[in-house]
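Take a look at this one chain, the form predicted on its own, written out in structure tokens.
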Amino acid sequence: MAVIALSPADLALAGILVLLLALLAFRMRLGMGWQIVIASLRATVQLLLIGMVLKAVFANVQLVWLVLIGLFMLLVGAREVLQRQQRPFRGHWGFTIGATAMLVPSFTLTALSLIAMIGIEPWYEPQYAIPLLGMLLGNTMSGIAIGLDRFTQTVWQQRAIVETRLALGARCGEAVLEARRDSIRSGLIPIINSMSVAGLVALPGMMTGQILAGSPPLEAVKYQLLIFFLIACSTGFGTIAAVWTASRRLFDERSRLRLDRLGSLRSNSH
């Protein structure tokens, strides 16, 4: 079955519905009216731009373009992780922890899946590589952002408990063990929830897109399962690495808690 093309009028109708939502938010004084409008405009511009970029990349398959696009996505994602922290690390650490924790699992699992599982030739075919990398980076970014924010906030609030444990002879990792575990669990909750209700409450985005594009339902299911498993691993490994690195960074070489390495509280954290 051929893909049914959407006209500008179709998208405009959907946009009018978003404007109605924004007007209702203004009317109810939710404080989110402009956020809805701006987010919609940003999504429109950003997706149109990436659509034009991908059209050019698909027509000129080269590894260097994939690497450049991947690095750009990584830098934007790492910045978003930093912006979501209520108490980010001072200096370059606030950016570096998120970037490194996203880079290793997302890029490694993307390459592994393209080479060993999907088996596309060449393995860096943009039609497969860019959407897959984007899904892994996006979900890993969310898990890391939630985990880091939860960890730094918890340690800050429980600093007296942590210092008491240190005074009683606990090691650094033992003093923040509970906070570390809770933070990692928080980062994994979104993907676990998504997998738990897949097919019962909602059809996942990639599966829905493939079905709308005419793919056989069972083939779409197999791809969606692959994506779920990769996202779970990337998010889990990334969140664990980020929280573990953050826990090490909060202590100096003499095992003293160094909350001065965290920035001041942000009241408008994203």
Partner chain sequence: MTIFQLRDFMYHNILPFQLELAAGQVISLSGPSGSGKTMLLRALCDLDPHLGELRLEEDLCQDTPPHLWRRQVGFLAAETSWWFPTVGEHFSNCDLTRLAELGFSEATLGWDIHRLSAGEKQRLGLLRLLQNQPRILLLDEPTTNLDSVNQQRVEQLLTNWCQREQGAIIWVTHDCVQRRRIADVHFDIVDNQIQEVRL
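Residue numbers count along the first chain shown, from 1. The structure displayed is predicted, hence computed values, not measured ones.
Quick note: we don't show the form predicted in complex with its partner chain, though the next part is all about it.
Colleague: Counting any heavy atom within 4.5 Å as contact, can you tell me which stretch out of 90-98, 141-149, 71-79, 155-163 lines its partner chain in the predicted bound form?
Modeller: The contacting stretch is 155-163.
Colleague: Verify the contact flag for residue 170: yes if a non-hydrogen atom of it lies within 4.5 Å of a non-hydrogen atom of its partner chain in the predicted bound form, no if not.
Modeller: Contact check for residue 170: yes, within 4.5 Å of its partner chain in the predicted bound form.
Colleague: According to a 4.5 angstroms non-hydrogen atom cut-off, is residue 125 in contact with its partner chain in the predicted bound form?
Modeller: Flag for residue 125 set to no.
Colleague: Does at least one non-hydrogen atom of residue 182 fall within 4.5 angstroms of its partner chain in the predicted bound form?
Modeller: Residue-level check for residue 182: no, no contact with its partner chain.
Colleague: Whether residue 256 contacts its partner chain in the predicted bound form should be assessed with a 4.5 Å heavy atom distance threshold; does it?
Modeller: Residue-level check for residue 256: yes, a contact with its partner chain.
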